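Coming up is one lone chain in structure tokens, specifically the form predicted alone.
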Amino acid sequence: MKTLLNYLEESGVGEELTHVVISLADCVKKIADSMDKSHDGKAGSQNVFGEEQLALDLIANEIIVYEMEQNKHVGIVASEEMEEEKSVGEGEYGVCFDPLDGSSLVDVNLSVGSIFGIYKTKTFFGVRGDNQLASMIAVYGPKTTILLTVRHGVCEFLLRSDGEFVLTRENLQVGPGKMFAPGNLRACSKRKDYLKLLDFWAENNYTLRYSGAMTPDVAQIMLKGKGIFTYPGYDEQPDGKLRLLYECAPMALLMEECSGMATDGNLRILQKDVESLSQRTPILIGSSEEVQRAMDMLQNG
């Protein structure tokens, strides 16, 4: 069976990027292990966005920062759990991440994840998602998996009991299909066009698949090969709540590499410049057909 290292070597991405991706895969192993051993209690602190942190949020963040400090090819990191980007060395690569996406679901034992974007940069200010060399998400569920793109399509890797990530699916593709994961439903009280879109899905026998965490929901779309995830804004939150750098840009690269689409309703997510680390963006992401329909209905509804 092909391992993650075998795949990277055969993909021809180079020794440096390979080393960075393998380091992130090691982080995923350690986070998965910590989730098995840790409780879900509050850490008694808030992140830079004012969200209450769990002990696991901080543990995951510390694991990733430490591992990146040990990697000579990484020079800078940025995390949803930190206020500023952090210099970790002299390397040419920058890694941004949401260490534990969906952590509010830990106490009810639903799947959560990690999100990573890899750039060649000395700062994340001014980059756009199109500059990513690779992106990866991890899903911690009944099994631990990663979905990875090094801009040669998207592959899934499974963490085996011996600690090795092995290739389980490759060249994932997303096309037409009736599945939806609707975030920010509170927007329906202010946006009749969003309510109309939800009615369309319900009236046309779409399957609802929404967990409350972006990572497992978007991973499901890529693995099932169909569907759409939405998180639009509304007057009280015009840009929604999802962060461009840490969440939406890495997800958008993965989805486009699956022949899907990711937009804020007007502009490709990957074309948006990062003006601040806390920058938020609405997002419609999934199959091109479903995203285009959502764009049309939300603009004309």
Ligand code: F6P
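Numbering starts at 1 and runs along the sequence shown. Every value quoted in this text rests on a predicted model; they were computed, and no experiment measured them.
In what follows, reference is made to the form predicted in complex with the named molecule, a form of this protein that is not presented.
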Inset, instruction - Please name which of the stretches 24 to 32, 229 to 237, 262 to 270, 63 to 71 has residues with heavy atoms lying within 4.5 Å of the named molecule in the predicted bound form. - result: 229 to 237
Inset, instruction - Classify Gly102 as contacting or not contacting the named molecule in the predicted bound form by the rule of any non-hydrogen atom within 4.5 angstroms, answering yes or no. - result: yes
Inset, instruction - Give a yes or no for Tyr210: in the predicted bound form, does one of its heavy atoms lie within 4.5 Å of a heavy atom belonging to the named molecule? - result: yes
Inset, instruction - Verify the contact flag for Glu247: yes if a non-hydrogen atom of it lies within 4.5 Å of a non-hydrogen atom of the named molecule in the predicted bound form, no if not. - result: yes
Inset, instruction - May I ask you to state whether Leu242 is within 4.5 Å of the named molecule in the predicted bound form, using heavy atom distances? - result: yes
Legend entry - Residue among Ile146, Met214, Met222, Ala78 with a heavy atom within 4.5 Å of the named molecule in the predicted bound form: Met214
Legend entry - in the predicted bound form, the residue from Arg151, Lys122, Lys196, Arg186 that sits within 4.5 Å of the named molecule by heavy atoms: Arg186
Legend entry - Within 4.5 Å of the named molecule in the predicted bound form: residues from 140 to 178 (heavy atom criterion): none
